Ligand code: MAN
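Take a look at this one chain, the form predicted alone, written out in C-alpha cells.
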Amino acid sequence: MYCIYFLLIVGVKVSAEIGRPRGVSISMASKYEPNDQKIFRCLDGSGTIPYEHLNDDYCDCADGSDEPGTSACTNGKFHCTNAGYTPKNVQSSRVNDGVCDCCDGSDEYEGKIECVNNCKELGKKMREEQDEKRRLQEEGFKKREGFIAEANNMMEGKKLKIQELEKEKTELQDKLKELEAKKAEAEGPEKEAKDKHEQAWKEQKEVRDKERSAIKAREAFDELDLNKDGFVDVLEIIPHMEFDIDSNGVVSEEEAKEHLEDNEKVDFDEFSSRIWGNIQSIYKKLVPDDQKEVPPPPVEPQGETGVPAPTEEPQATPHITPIPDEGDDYDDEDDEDEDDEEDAVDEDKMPEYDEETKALIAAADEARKNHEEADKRSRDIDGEITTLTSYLNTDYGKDKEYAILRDNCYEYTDREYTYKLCPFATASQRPKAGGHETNLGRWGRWENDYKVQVYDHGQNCWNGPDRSVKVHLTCGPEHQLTNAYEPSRCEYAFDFITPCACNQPPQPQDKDPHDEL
C-alpha cells in the first residue's frame, strides 16, 4: 500500500511538471489528459479506469496503455524523451530493470542504478555525423548535377554526329555508284586482255605438253621394246611389276594383255594413241641388275657364348661389282635431269603480261582500290551509327545521370576473387591468384526506381541457373565498387557508391526536431 501511495505521489508530481504521465510522449499527451470525470479510457477502447490508476504498477488495460511509466504491463511502451538526442520507445518491461535503456536515464527513476544523462554528447556526435553525411551528399549532388549537364551535352553531340554520318552516307552512296561504274569500266578491258593472254598461253602449253608427252611415249616404247622389233608385246610387259594388277608378285599374261588393250603386241602409233595415256602414271623404267641396291649379307647365327658358330670350311667372299662413284658419270646425269626439271618448271610458268595488259591491270587495280575504300567507309559509318544509336537508346536514369559510368570499369577484390563491373555492359569475376574470367551477366534493366541494376544471362552454373548480378547503388563522393557477395547460388550482389545516386540533401534546421523539451 505504501508503494502504491508513493507511485501515485510521483505520478501526480511528474504530471504537474511536464503535463503528461511518465513514459508518455508529447505526441500522445493529449490522449492522457484527464476529463471532467477524472476517467481514463484505455487506448484500445477495452475499458475505463479512474485517472489516479495510471502508472499505479498494476495493468488494468489489455493494451497496457494505463502503465506507460512502469513495468506492470508486458505489452506496454515506455517513451524515452532523450532531450538533445533521438527519442525512442522501449518495452515497459525494461523500466527499472537495472539497465539504462534511455540516454537520459528516465527509464531507471527508482534509483536501482545511476544512469548518466549523455544525450547531449550523443546528440552532438549524431549531428556531426549528419553534417558530414550531408556534406558528402551535397558534394555528390553537385557532381551529379555536373554529370547530368555533361550527359545532355554528350547526347546532343552524339545526335549531331549521327546526322553528320547520315549525310556523309548519303553522299557516299552517290560516290559509290560512280566508283562502281568506273570499276566495271576498267575491269572489262582488263579481263579481255588477260583472257586473251591466258588463252594464248593455254594453247601454247597444250602444244608443248603434247610434244613432251610424245617424247616420253617414244622413250617408254623404246625401253619396253627389248628385242627392238618395232613392237611392244606381252612378254616385254611381264618384267614390269607395276603392271601387277592383283599384287600377287607376278605379272600374268592376262594382266599384260589388259594393259595392251587385249592385244598381243602393239606398234608405236597404237602405243602412243591408246596405251601410253593409260599407263604413263604407273610406268617405271627397269633398273639394270648391276645398278640395283645390294642387300647387306645375312647375320650368321651365334652360339650360347655369343661367338659365331664355326663353319666347316671358310668360304671365299663373293665378288660384288661396286656401284660407280657418284662423282663420275652419274653426277652428270643427275645434273642433267635436274636441269631438265627446272627447264620444265620454267616452261610451265605463264609468261608475264605485255606492257599494254599491265597498264590495263594497274588501272583496274586503282579503280578497285578506290571502290573498296569507299565501300569500307560506308560500312564503318553503319557501324558508328549503330553504336551511337545504341548509346542514345540506353536508359541512364531519370535525368541521364548515370551516363557518365558507361565505358568505364570498376573492381573490388576480396580474399578469393576480383570482381569487375562495367556499367551498362558486363559484370564478371576472376580468381585473385589468376585464371579464367567468368561472365556473371550482361546489362539487363533497372529495378527499384533506379536504385538497382540487373545484369543477367551470365555463364551457366553447372547443373544450375545462369549467373546474374544485382548492383545496389547508393550515394557516395566517388564511383567505387565496395562489396561483392553471393546471397544465393549463382545470384550475386554488388554494392556500388557513386555521386550519380546522390539527391539534394535536406537543409539543416536551427532547432533539433527531436528535442522535445
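In this text, residue numbers run from 1 along the sequence as written. Values in this document were obtained by computation on a predicted structure and should not be read as measured data.
The protein also exists as the form predicted in complex with alpha-D-mannopyranose; that form is not presented, and the subsequent description refers to it.
In the predicted bound form, alpha-D-mannopyranose sits within 4.5 Å of a heavy atom of Tyr492.
At a distance threshold of 4.5 angstroms between non-hydrogen atoms, Tyr417 is in contact with alpha-D-mannopyranose in the predicted bound form. Using a 4.5 Å cutoff between non-hydrogen atoms, Ala62 does not count as a contact of alpha-D-mannopyranose in the predicted bound form. Of the heavy atoms in Glu486, some are within 4.5 Å of alpha-D-mannopyranose in the predicted bound form. Not one of Ser71, Arg94 and Cys100 is positioned with any heavy atom within 4.5 Å of alpha-D-mannopyranose in the predicted bound form. Contact annotation: alpha-D-mannopyranose lies within 4.5 Å of heavy atoms from the stretch 461-469 in the predicted bound form, the single such stretch among 461-469, 53-61, 22-30, 444-452.
Along 31-45, a non-hydrogen atom within 4.5 Å of alpha-D-mannopyranose in the predicted bound form is carried by no residue at all.
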